[in-house]
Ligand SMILES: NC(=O)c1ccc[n+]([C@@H]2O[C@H](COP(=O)([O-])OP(=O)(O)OC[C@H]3O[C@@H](n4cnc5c(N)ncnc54)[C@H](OP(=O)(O)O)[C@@H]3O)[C@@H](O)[C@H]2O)c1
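Just one chain is shown here, as structure tokens, and it is the form predicted alone.
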């Protein structure tokens, strides 16, 4: 599907962008991959990393807040992956207007620019924090998700298709618990602080995140939210996997933090379908045509919740150790 296509990634110098580029170059023959971001140093480093692919990779300095620049960059683009966002919860709480400008206004600009330039498909990256949000970051991403779903009403039957993929913190990503624990271990620490002993999380690797985006590009018909089926783990088990026998003082849950990651709330169960390796939440709009349901899925039970705390699949300490050796090599 991606062969001979031009793909643009907003925020493309992040961990996702790097792995997406590697995956596409390995498995497809794209016409062009455009990295659209505002950090020229990260672009410089990425250019050097992939210099043997300079005939395919292009780098645009730009911000999703700048609609004119987006429109210039999107000329001739077939597919867009929208990964640009302000993601750090404390930073968004302290700089709320900036979070709104990037995560909400930026989403509007991406939608308008894609509609105006004839992009075929757009997949926006979302987060578990957009579900029943308790912090500003999650709230901005909830609005962004709604915007991308509603955008399909403006594109027409043969226009741009917009979809969303949702997952939690990627294992080992910047700002997540694994590098936080690893930093303590590397500096000789003998105990790993736990915010709450009951806390659970989903485990998703960069590879799995990229594959979910590619699946959405291949299958989305407009308005869907794609969610991978992935295992859960306990934060206490992660600590023991990384530093066996360590002390684990409970330090209290942080502002804006949840005990569990929820990907599908009960309120969405009436329009959530289960597939072999993923779930899809379909849009609840009068303009959406049920004929667009992707074959092979089954409607979940009323009140179904997909949460890391009640998941059917769990990782043991040994499972976590094995994953730490394999998935973290991606970073």
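What you see is a predicted model; the values in this text were computed from it and never measured. Numbering follows the first chain given and starts at 1.
The same protein has a further form, the form predicted together with the named molecule, not shown here; the description that follows concerns it.
- Of the heavy atoms in residue 102, some are within 4.5 Å of the named molecule in the model of the complex.
- Residue contact check for residue 268: none of its heavy atoms lie within 4.5 Å of the named molecule in the model of the complex.
- Using a 4.5 angstroms limit between non-hydrogen atoms, residue 77 is distant from the named molecule in the model of the complex.
- Not displayed here, the named molecule is approached by residue 168 to within 4.5 Å at the level of heavy atoms in the model of the complex.
- Distance criterion of 4.5 Å from any heavy atom to the named molecule in the model of the complex singles out 84 from the list 92, 84, 216, 114.
- Proximity to the named molecule in the model of the complex, defined as a heavy atom within 4.5 Å, holds among 221, 146, 174, 198 only for 174.
- Residue heavy atoms within 4.5 Å of the named molecule in the model of the complex occur in exactly one stretch of 187-195, 243-251, 230-238, 122-130, and that stretch is 122-130.
- Candidate site formed by 15, 63 and 137: every one of these residues places a non-hydrogen atom within 4.5 angstroms of the named molecule in the model of the complex.
- In the model of the complex, the named molecule lies within 4.5 angstroms of at least one heavy atom of each of the following residues of 23-55: 36, 37, 38, 39, 42, in sequence order.
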